[in-house]
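Okay, here we've got a single chain as structure tokens, the form predicted alone, with questions on binding and movement later.
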Amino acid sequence: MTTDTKPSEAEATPQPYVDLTDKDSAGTRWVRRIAVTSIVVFIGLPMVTLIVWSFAFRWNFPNMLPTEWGGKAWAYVADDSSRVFEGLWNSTKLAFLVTLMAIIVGLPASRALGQHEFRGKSTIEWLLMMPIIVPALVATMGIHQIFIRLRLTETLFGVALVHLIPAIPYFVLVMASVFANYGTALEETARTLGANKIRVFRYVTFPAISSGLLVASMFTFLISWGQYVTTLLIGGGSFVTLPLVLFPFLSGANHANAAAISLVFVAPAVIVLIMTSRQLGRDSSVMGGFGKI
């Protein structure tokens, strides 16, 4: 009598591995595609319209395309009398200065709010939100007289300070959430091994918060880049930025010049967004799936 040691067919056939996340990713794939397509359509179509307008010499209703083309608008942009490049340079250095000031002021504040509990914390958080709640015009008018007495009007530093008011809440809110999920065990280990505060920040803290810092800096840069009312009041019209150059054309009849200047105004902001998103991985908890833009 022999026993059959041959394994049964069910036991001999290996069972395929099933990834339980495939179903979810397959179900969300179409949602992601629809979302990306919607973003491309709603952002891309206005950009295409601006490009067409910037090269249009005559475009009358109901023609779908301009009847006459030309580069007169771009010639105006390149002319020194337009002050476009002056405004572009002032806006760029102003946005970088505001971002640097936000990092210096906002990092300690965001770490305190994100990692510590103390009396009056909720009050400070509400006060931090006030520049977002209160219109920029009201806040700027309130400090205008103070800036005049301090001789900060019509200066780069004065305009940067007033840009910092609406920008710092976004910076601190982003970085506070980063520090709330940040553990200090590695910092304490580095200190026990003899590292000073500078080396701890350079080799331990900064690599851990770099993604969040990049996103917070991007928000700060873009907020400063688009400021008009605060720049006009504190700058007094003598400190010219790109929004100040663009705004008079928005209500005028020269749509070609307005479109060309708008493209110059939008281009650096788009470049900053793309460069920032490329520095972050696709799996970044801060930027999600924007890493492959």
Partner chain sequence: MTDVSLQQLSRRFGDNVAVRELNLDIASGEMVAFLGPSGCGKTTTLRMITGLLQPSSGDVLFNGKSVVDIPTERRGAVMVFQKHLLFPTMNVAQNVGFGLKMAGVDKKEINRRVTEILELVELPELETRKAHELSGGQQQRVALARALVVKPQVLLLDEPLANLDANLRITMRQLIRDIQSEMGITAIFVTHDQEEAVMLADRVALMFDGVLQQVGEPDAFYQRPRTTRVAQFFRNSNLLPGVKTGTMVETEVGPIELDDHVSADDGPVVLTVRPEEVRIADSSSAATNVVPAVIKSVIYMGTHTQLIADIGGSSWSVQAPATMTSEEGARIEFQLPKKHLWIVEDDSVSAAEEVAAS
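Numbering follows the first chain given and starts at 1. Remember, it's a predicted structure, so these values are computed and weren't measured experimentally.
Below, we turn to the form predicted together with the partner chain, even though it does not appear here.
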property: Of 214, 208, 97, 77, the one that lies within 4.5 Å of the partner chain in the predicted bound form (heavy atoms); result: 208
property: Exercise: residue 156 in contact with the partner chain in the predicted bound form, heavy atom 4.5 Å; result: no
property: Contact label in the predicted bound form: residue 72 to the partner chain, heavy atom within 4.5 Å; result: no
property: Partner contact for residue 180 in the predicted bound form: the partner chain, 4.5 angstroms, heavy atom; result: no
property: Residue 199 within 4.5 Å of the partner chain in the predicted bound form, heavy atoms; result: yes
property: Residues in 188-227 with any heavy atom within 4.5 Å of the partner chain in the predicted bound form; result: 188, 189, 190, 191, 192, 193, 194, 195, 196, 197, 199, 203, 204, 207, 208
